[in-house]
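Coming up are structure 1 and structure 2: the same protein chain in two forms, each one given alone as structure tokens.
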Structure 1
Amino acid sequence: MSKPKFAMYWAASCGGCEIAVLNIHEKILDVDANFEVVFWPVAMDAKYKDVEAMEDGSILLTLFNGGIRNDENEHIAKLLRKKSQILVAFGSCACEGCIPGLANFSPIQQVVDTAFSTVSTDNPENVRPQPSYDMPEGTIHIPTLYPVLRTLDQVVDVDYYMPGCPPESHQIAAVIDLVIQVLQGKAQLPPKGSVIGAGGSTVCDECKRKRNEKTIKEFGRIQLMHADPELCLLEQGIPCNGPATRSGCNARCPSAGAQCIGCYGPAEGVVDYGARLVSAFASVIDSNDPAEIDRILDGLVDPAGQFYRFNLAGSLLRAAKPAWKSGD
């Protein structure tokens, strides 16, 4: 019997997710033992037309990382959806937009202008990429950028979500184990739409720091403070996103002395991560005086980055800007 087929793709992402998969060490051999890898641009040579030629539903498992930034991303997302039985939004970009999604704060032209005019950009003629360009050899095309970045499930139907920037290797290994067990008839897949490779609570649940009732008089930046290594960071005024961020990482950052920045995304059932966190922080600010509250809030130097670093594209805020319909 031929082995079930496996694919992995990167759309708008940094490549960290691919590394995380390779970082599962010898477990990668299990992947090889149990699957036939049919498409994985970062690891093997394959052409889109090969995928196009495959039978619909012939790939058992596709891990799709990256958000949908351009028409190529969208095309491959749709293609892989058609060819795959199980499509997993893999990593924060595919699940909720992640860092590339922060570009949604700005009109696309501004994004392009910024990218092609930074101090380190060597662009003396100040050119901008064009979707098509006539060469003596013929017309060449590059993908067209969309006005906003979308998450995978805003474009195609997604079976499972695996959060993390990138997903933790031990979680990837566990998911691969699970799929193998399912193949061997020893386990069952979770209901469609589930989040896999993560916990059901939030980072605080796994965090070992001591905590009390919270009252915040001041927010500070971790690099400027001497944080108590035992005590909850948030209580010390360090804006830790742990309370709102899905568990699964073993509270990596808070254990290492840094605040959680939220890469595992919202907790189960939470749609707008940023709104949740805003209301949680607001609830524990210890003042009734508007001026003092403003002063305390000024301690959060980058609210957009604090609350929406990973999930802007997936957040409810997107509804304020129906950009992919109207231009920008």
Structure 2
Amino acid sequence: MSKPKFAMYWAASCGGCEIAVLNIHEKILDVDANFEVVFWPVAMDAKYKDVEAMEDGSILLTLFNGGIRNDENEHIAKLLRKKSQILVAFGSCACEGCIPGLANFSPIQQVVDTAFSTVSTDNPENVRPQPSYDMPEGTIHIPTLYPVLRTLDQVVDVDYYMPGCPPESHQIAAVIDLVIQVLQGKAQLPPKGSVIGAGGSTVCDECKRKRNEKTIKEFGRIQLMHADPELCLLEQGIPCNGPATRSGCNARCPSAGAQCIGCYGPAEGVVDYGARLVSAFASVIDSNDPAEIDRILDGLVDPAGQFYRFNLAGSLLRAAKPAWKSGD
């Protein structure tokens, strides 16, 4: 009897999700023992035509990491949706857009100009990527960039969401164990649309730092602050995103003396991540004077990056459908 099929794809992301899967160490052998890996371009030789030839629904589980930035990403997302029984938005980029989604603040031409024309780029002839190019062997094509980056569920139907930048390896291992138990008839899958491999609370609930009176008179960068190693970072004026961020990472960053930056995405019940953070940050300011409050909030050097670093593309500020194709 053949094993169920497994696939994984890397779209608009950094590749950290692929590494996180390998970081489950010997647990990766359980994947090999229980699944036939049929498509994983970063780890094996695989062709799109091979996937296209498969029967619809023949892949049991696909982990799709990365947002949809170009026409190739969209094509493969729709192809894998068609061929997969279970499609998981794997990692922050697929779930929320993550760092690549911050480019939605800029027109696509500005994004390209920044990549090919700034002082960090050696491009004396001002070469730009072209959608197609004629070679002696024939015409070659490269993916065409879209005006904005979209999350996976803005393009296809998604069964489950697994957040994290990247997901924690122990969470990945736990999800793999669950799927194997389901295959063995020992467990059931959670309801469609569930967040898996993460907690149901906030990073603050996992954080062991003490919380006292909230009397902030200024916000500042952690590199310039002499932070108390035991006190809540936000209560020391260090902008920490723990109050709005989903648990599941064991508060690794605050435990190590760094503020939470929100890579596990909005906590359960948070409609808009940035709006929740604005409320949380405002709650620690010790002032009723509008001018002073403005001065304190001005200490947030990069508000857009602070509030929407990982989830701009999936937030209430996401681009409307007409912008997906207009390029405006």
Partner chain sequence: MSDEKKPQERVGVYVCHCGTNIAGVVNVAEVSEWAGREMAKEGVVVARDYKFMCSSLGQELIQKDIKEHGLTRVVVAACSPHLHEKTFRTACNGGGLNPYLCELVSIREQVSWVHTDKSAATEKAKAIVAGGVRRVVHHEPLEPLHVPIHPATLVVGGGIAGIQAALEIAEAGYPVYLVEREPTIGGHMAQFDKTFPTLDCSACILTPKMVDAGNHPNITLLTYSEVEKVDGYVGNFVVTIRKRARSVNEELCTGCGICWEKCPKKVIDDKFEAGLGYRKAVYVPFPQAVPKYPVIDRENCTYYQKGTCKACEKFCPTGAIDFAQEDQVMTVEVGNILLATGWQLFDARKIPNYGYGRLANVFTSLEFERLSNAAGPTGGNIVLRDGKTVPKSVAIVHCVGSRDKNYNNYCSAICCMQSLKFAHLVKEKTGATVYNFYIDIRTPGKGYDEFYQRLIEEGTLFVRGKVAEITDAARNPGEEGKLIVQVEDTLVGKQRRIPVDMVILSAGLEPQPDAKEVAKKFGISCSADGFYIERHPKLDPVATMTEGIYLAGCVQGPKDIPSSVAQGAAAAARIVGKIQQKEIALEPVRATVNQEQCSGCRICNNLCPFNAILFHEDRMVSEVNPALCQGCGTCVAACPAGAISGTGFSNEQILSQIEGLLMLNLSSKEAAAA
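None of these values were measured; they are calculated from a predicted model. In this text, the rigid core denotes the largest set of C-alpha atoms whose superposition between the two forms falls within 1.5 Å. For residue numbers, the reference is structure 1: its sequence is counted from 1.
- Both panels show the same chain in isolation, but it is structure 1 that comes from the form predicted in complex with its partner chain.
- Relative to the superposed core, residue 135 undergoes a C-alpha shift of no less than 2 Å between the two structures.
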